[in-house]
Ligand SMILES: C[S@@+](CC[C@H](N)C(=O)[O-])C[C@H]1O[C@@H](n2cnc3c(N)ncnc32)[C@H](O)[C@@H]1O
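The chain below stands alone and is given in structure tokens; this is the form predicted on its own.
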Amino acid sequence: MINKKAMLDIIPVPLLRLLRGIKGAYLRIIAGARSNADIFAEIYARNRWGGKPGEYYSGTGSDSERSGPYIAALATFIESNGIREVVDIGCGDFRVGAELLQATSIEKYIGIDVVGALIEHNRERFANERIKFECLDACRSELPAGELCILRQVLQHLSNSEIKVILQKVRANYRFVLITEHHPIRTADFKANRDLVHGASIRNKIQSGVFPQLPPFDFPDPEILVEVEAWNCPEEKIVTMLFRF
């Protein structure tokens, strides 16, 4: 009986590449047809970003030792601009949001996520008069009012068409927008804003990243609020960009 490796060894390389390309296209079509709610609920259910079974965990990027510089810079910005109402799109497990609230005088925080069970979990544990959670798909739903909108490592998991919709909404609804993204090493193969099917992966694996100020998006040039080394690759950067409208 021929095993899988032996079969792959006898298939001509051009044909193998063609077959893999067809398989990849098929998988992208299947993934693209699924809703964000289904995809991200499955990511949490299967602990694709880490954590223990049954635990809601948004990944190591939300660990306090890694989010510390972000929290410090954002808290300084919020306090110096007198911001009191914050909308956090893709609030996830709320670890970063909780630290931000401890470090600032924010009076109203609304955390948004597309995963209903996660939002219910956050409501039961954290909601009060100051802290609210809403289950919304930012691509399809009307966004709540606020002064500052936060998108921390959210857009990198979405397709370009979804990013466009969200950017148009936040530009129209908020005075300040803070977008944090993972930017890879600038190799010869690098190209900004390569498209991606929504899901757990991000663009650094395809030598790309989300740059709202570059095509096909139309945001203005940002101010860089904070830039740190990526925890899994020191040569890559986690960049927090500030946009004022």
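Bear in mind the structure is a predicted one, so any value in this text is a computation, not a measurement. Sequential numbering from 1, following the sequence displayed.
Just so it is clear, the following notes concern the form predicted in complex with the named molecule, a form of the same protein that is not shown.
- Although the partner is absent here, Asn36 sits close enough that one of its heavy atoms falls within 4.5 Å of the named molecule in the model of the complex.
- In the model of the complex, the named molecule sits within 4.5 Å of a heavy atom of Asp137.
- Taking non-hydrogen atoms only, Phe190 never approaches the named molecule to within 4.5 angstroms in the model of the complex.
- Contact check for Cys149: every heavy atom lies farther than 4.5 Å from the named molecule in the model of the complex.
- Heavy atoms within 4.5 Å of the named molecule in the model of the complex are found in exactly one of 171-179, 124-132, 73-81, 109-117, that being 109-117.
- For the candidate spot formed by Tyr44, Gln153 and Leu158, every residue has a non-hydrogen atom within 4.5 angstroms of the named molecule in the model of the complex.
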